[in-house]
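As structure tokens, one chain now follows by itself in the form predicted alone.
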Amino acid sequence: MWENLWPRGNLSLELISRELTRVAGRNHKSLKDNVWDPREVERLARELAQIAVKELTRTGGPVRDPRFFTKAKRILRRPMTVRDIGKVVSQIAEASLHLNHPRYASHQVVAPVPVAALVESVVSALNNSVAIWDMSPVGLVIERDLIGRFKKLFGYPTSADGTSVTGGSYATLTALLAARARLVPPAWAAGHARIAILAGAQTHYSVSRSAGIVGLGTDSVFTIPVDNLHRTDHAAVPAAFGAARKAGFRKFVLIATCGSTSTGSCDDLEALATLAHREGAWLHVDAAHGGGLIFSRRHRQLLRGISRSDSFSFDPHKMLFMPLSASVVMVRDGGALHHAFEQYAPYMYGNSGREYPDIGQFTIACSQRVDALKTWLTWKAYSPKLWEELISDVCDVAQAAYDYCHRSKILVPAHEPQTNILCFGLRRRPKTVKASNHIHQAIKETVDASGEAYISSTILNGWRQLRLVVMNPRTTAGDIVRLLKVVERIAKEM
């Protein structure tokens, strides 16, 4: 070879450079070739899948490594090559918060059903967008089939419509846009709408945020007090309508909640539906947390009346145990949903004669993943019986936590759980609100920092409470008792 490179006589630098490039190219692939090399992709897939399996089946170790911050900074500083990808991702996973740990009970984010998590790599690999038919013909069919299933399940008419969205906040925002389209049709073009929103004191903050985003203004939100079960007090709703009318409002949206964030409480949807219809108001049900209860024969009565609503939001990434994100908005009058968004985009939409519409015409997102696939696949493969079992398990564990706190000499429950959320506190709390709130927050922070368990906290009636949200179907009553014993020990130490 080298004889060919250096023949007798003169040889220009240009020829030498060209020959060196030819020889190097014969022995080395480009970076692009390495990235898409099937053997390299397969190696990465195996490594990353093993990390995912370890996380999905986790049973021990710390819920959150007490040294997570130090480890995170070390990961940031350390140089890496392609061969280090699996190792680095594994280190990131180990330093992360482990929602699959049986003593994680902090927020409304789940330990996901394994198949739903694992199929995400296929969704990302396909990288289709269901906003338009041209971008995802099969994904769009699956999306529409899932929406059709939800229509039937929740008792909505065939004229209803809905779509997958990226979260409950987007679902609420979409529902308010549909309500605005129905109540004040010129608002999309003219930008002027005066609509009052009546919502219980435990309503999710996204309602007020959405009011600000769509131009109704946060001052248009009228708060309704809650009853002793932390539900919107339907006896106080007429007074809220009266206050809104006194402020000059003549169009109304009434918000109901099934599965409030703080306590998991579910409003009396039948009573609120009757009041909304009497007042000519649009009724929206925030069932982001509680919507999954529809699959439980034991708990679905908490959703009685949702079929009378004008719209509802629902997060399968909560009580159906799907990974983030998987949310749905449903609107009884499909036309109101379609009129909520009015754009002309000839390079995108053109569904004349097709069985399914381009859903980008009535949803916020344009780049919309096939998020429906994981919910649809789990439903088809395992049947609704899986969700019924998982929902029963997490609600039973929350009840076991209530029973333990009820008997405890140190802890006391703040309410009996309707679903899988329990608030509790010290039986002998400091007498002042400030001191009590401080010690409860300190207990929460110390429990989480220990790595033994992970909880959250909230405010009820001005007093801070500790809070359990059982979102891991593999968490047992024994796990939750062990968690509460950690809380008791730390409380005594303080």
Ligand SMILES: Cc1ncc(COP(=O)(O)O)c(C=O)c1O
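Sequential numbering from 1, following the sequence displayed. Please read these numbers as outputs of a predicted model, since none were measured by experiment.
Absent from the display: the form predicted together with the ligand. The rest refers to it.
When contacts are defined as a non-hydrogen atom within 4.5 Å, none of G162, D310 and G334 contacts the ligand in the predicted complex.
Proximity of G168 to the ligand in the predicted complex falls within the 4.5 Å heavy atom cutoff. Among heavy atoms of H204, some come within 4.5 Å of the ligand in the predicted complex. In the predicted complex, no heavy atom of S210 sits within 4.5 Å of the ligand. In the predicted complex, the ligand lies within 4.5 Å of some heavy atom of T261. Proximity to the ligand in the predicted complex, defined as a heavy atom within 4.5 Å, holds among A179, A288, I197, L422 only for A288. A single residue from the set K318, R369, R103, H230 has any heavy atom within 4.5 angstroms of the ligand in the predicted complex; that residue is K318.
For the ligand in the predicted complex, the listed stretch (168-176, 136-144, 74-82, 403-411) containing residues with heavy atoms inside 4.5 Å is 168-176.
Residue Q108 is the sole member of 95-130 found to place a heavy atom within 4.5 Å of the ligand in the predicted complex.
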